[in-house]
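Given next, in structure tokens, is a single chain: the form predicted alone.
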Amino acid sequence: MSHFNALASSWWDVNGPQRILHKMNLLRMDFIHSTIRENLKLNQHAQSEDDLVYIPPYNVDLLPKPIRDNIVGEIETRRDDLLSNAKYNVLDVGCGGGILSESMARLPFIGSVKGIDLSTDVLEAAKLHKLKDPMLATKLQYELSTIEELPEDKKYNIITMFEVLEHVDYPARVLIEGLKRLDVGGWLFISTINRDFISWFTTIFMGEYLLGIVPVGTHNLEKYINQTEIKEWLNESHERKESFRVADTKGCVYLPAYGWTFTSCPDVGNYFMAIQRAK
């Protein structure tokens, strides 16, 4: 924890030690927004057949362009309508200085955000930066707390654990506590790192020692978690298997001259995962 306290004063310096998180935040927000948007139940609250949006059971690219554009347009309009009426509550676990928490709180379909962390200095940096934007005053709150200390009967529509699991001693316990607090239909978004040579080379050797993108000591290869291990862990328990589903997993990589970008392989390096509570 002293490692993160030492970074507090530079947390919001986009060119400082946390610059890689600022760049990654763009990808985080894209992943969250696209996952929620693409998985909306478009006809769940339809009052009559006239309210139903046609969802073709085939690739719309097979249709003539005018028909395809009309179908896609109706679907996207319904998604816009559903999100415009949504007010999701968010729990950001391991929020750090609030980079993701602030971005989430500014989304129009987010009603409230609670960021929790164990670093007093980093949370103080988050609270100070929050004051720069008056619109965050009532939507965003920070608390010095572990997820275990939060009431289990308080449910969230979205829980995020970005760059958290590779820094804790018992990641399965943290995941269980997150799943407990997830509302039905809600989302647990995580990002962490596969345990392989490429991850060591890019995040530790290159990122810490050669390029100095993050401070030395930030990562420990032994704490990295393969994305297949999380999926296997979910399926180990009948209750978890029946109640939760992995909706999407995407790999991502940092290119020094470009920034973060998604990859087609979630089995190597960093990755994002979206887990939805089905029941």
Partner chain sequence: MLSRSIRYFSNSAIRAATQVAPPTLQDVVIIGGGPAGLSLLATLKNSPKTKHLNCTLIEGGSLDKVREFATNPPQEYTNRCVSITPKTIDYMKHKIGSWDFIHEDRIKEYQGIIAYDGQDADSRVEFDVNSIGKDNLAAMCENINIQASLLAKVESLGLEDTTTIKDNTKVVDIINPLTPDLENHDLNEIDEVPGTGKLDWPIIKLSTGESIQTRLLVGCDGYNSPVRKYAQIESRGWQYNTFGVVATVKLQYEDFRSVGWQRFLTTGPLAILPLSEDNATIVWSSTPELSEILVKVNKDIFPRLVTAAMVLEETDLKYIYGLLKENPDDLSAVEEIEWRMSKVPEVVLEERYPAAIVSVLDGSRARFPLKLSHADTYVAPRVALVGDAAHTIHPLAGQGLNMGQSDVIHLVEALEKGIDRGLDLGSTLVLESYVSNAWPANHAMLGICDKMHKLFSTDFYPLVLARGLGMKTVNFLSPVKDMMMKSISL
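Positions refer to the first chain, counted from 1. In this text the structure is predicted, and so the values were computed from the model without any measurement. C-alpha atoms forming the largest set that superposes within 1.5 Å between two forms make up the rigid core.
Another form exists, predicted in complex with the partner chain; not displayed. Remarks below refer to it.
With the partner omitted here, the stretch from 194-202, 85-93, 101-109, 114-122 that lies within 4.5 Å of the partner chain by heavy atoms in the predicted bound form is 101-109. Only one of the listed residues (V53, M29, L234, V253) places a non-hydrogen atom within 4.5 angstroms of the partner chain in the predicted bound form, and that residue is M29. This chain is drawn without the partner chain; in the predicted bound form, the residue among R240, R68, H33, K223 with a heavy atom within 4.5 Å of it is H33.
The partner chain in the predicted bound form comes within 4.5 Å of a heavy atom belonging to N25. At least one heavy atom of L131 is located within 4.5 Å of the partner chain in the predicted bound form. Interface membership of A137, defined by any non-hydrogen atom within 4.5 Å of the partner chain in the predicted bound form, is ruled out.
Contact check for C265: no non-hydrogen atom falls within 4.5 Å of the partner chain in the predicted bound form. Shown in the overlay between the shown form and the other one, fitted on the rigid core, is a CA shift at N15 of 2 Å or greater.
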